[in-house]
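The form predicted on its own is given below as one chain in structure tokens.
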């Protein structure tokens, strides 16, 4: 990890939205239009270090895509400051765009009637990529994404999974310092998702590129990102490393006992523990880490147990819990 490559200070973005009133359509056409301000982002601050993989997550409408568009210079802020590689991404868009790569969901930067390779040739000229770097990257990306069978086919003939592989390869083609991936795997099958994750892990090992990823697949984000930023209703409610966040939210577990027979002795749950008996199983949930051994010992001492399973909360459940907690 290196120096701070992105700095956001008290960033806000408001949208001017027309209020649609009820009533006669003719009157509405000629009446004075009324507007309201919608806060897409409100007083957001954070920094990202060079080489980090950061996941930005939140519900639909939380402000994730607005944040990405502000960082890439597509939108300008209502208030606050944004610095990307020491530059204002909106006012210095040309310089900034030469050093970033972007994939916006299903929106393509490849030419529909050309093959991906022909589009890459255009990008080579646009970004001024030298021959050696270009050939090296094409060879590497084709190998990682197994693109040999379709890289010369027109983009319009590719499946969604094939096209997204080509889009992501295009974002990394000019060796950018920062890559923004906004919902890159939405709608993809599990094999295409797995291929993209392997590609990103490989790039992470080989380079110092900084990655900003928005996704609704939280397990996917957990598998490749170093940090997470959770946005809810335009505000950051959580910013932490994946490791520390996981440690904080795995403090409670569930224990499943498979018992022999229908008779068993109660373990007297305490605090927020929940006890469920279901079809030969005794399930104790919301168990604190320090209580796990105690509960298992009590059950083993007083009952005939055929099997014991300790279930950790998955990453998706942790994030949902944090969002539900709010600020």
Partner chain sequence: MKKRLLYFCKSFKINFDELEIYDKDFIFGVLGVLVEYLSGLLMMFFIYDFVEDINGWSLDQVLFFYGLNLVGYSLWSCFFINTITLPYYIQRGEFDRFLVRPESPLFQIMMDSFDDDSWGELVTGLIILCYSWIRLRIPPIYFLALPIIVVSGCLIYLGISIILSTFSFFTIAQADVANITMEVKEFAKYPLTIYPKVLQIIFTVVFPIGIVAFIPGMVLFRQIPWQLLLVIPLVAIVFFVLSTRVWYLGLKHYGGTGT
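Numbering follows the first chain given and starts at 1. A quick note: this is a predicted structure, and the numbers were derived from the prediction, not measured.
We do not show the form predicted together with its partner chain, though everything after this point is about it.
Within 4.5 Å of its partner chain in the predicted complex, a heavy atom is found for all three of 72, 90 and 118. Heavy atoms within 4.5 Å of its partner chain in the predicted complex are found in exactly one of 202 to 210, 221 to 229, 188 to 196, 108 to 116, that being 108 to 116.
Contact annotation for residue 156: at least one heavy atom lies within 4.5 Å of its partner chain in the predicted complex. Contact annotation for residue 98: at least one heavy atom lies within 4.5 Å of its partner chain in the predicted complex. Among heavy atoms of residue 123, some come within 4.5 Å of its partner chain in the predicted complex. Shown alone here, residue 147 lies farther than 4.5 Å from its partner chain in the predicted complex, counting heavy atoms only. 127 is the sole member of 172, 245, 127, 257 with a non-hydrogen atom lying within 4.5 angstroms of its partner chain in the predicted complex. Only one of the listed residues (236, 102, 151, 85) places a non-hydrogen atom within 4.5 angstroms of its partner chain in the predicted complex, and that residue is 102.
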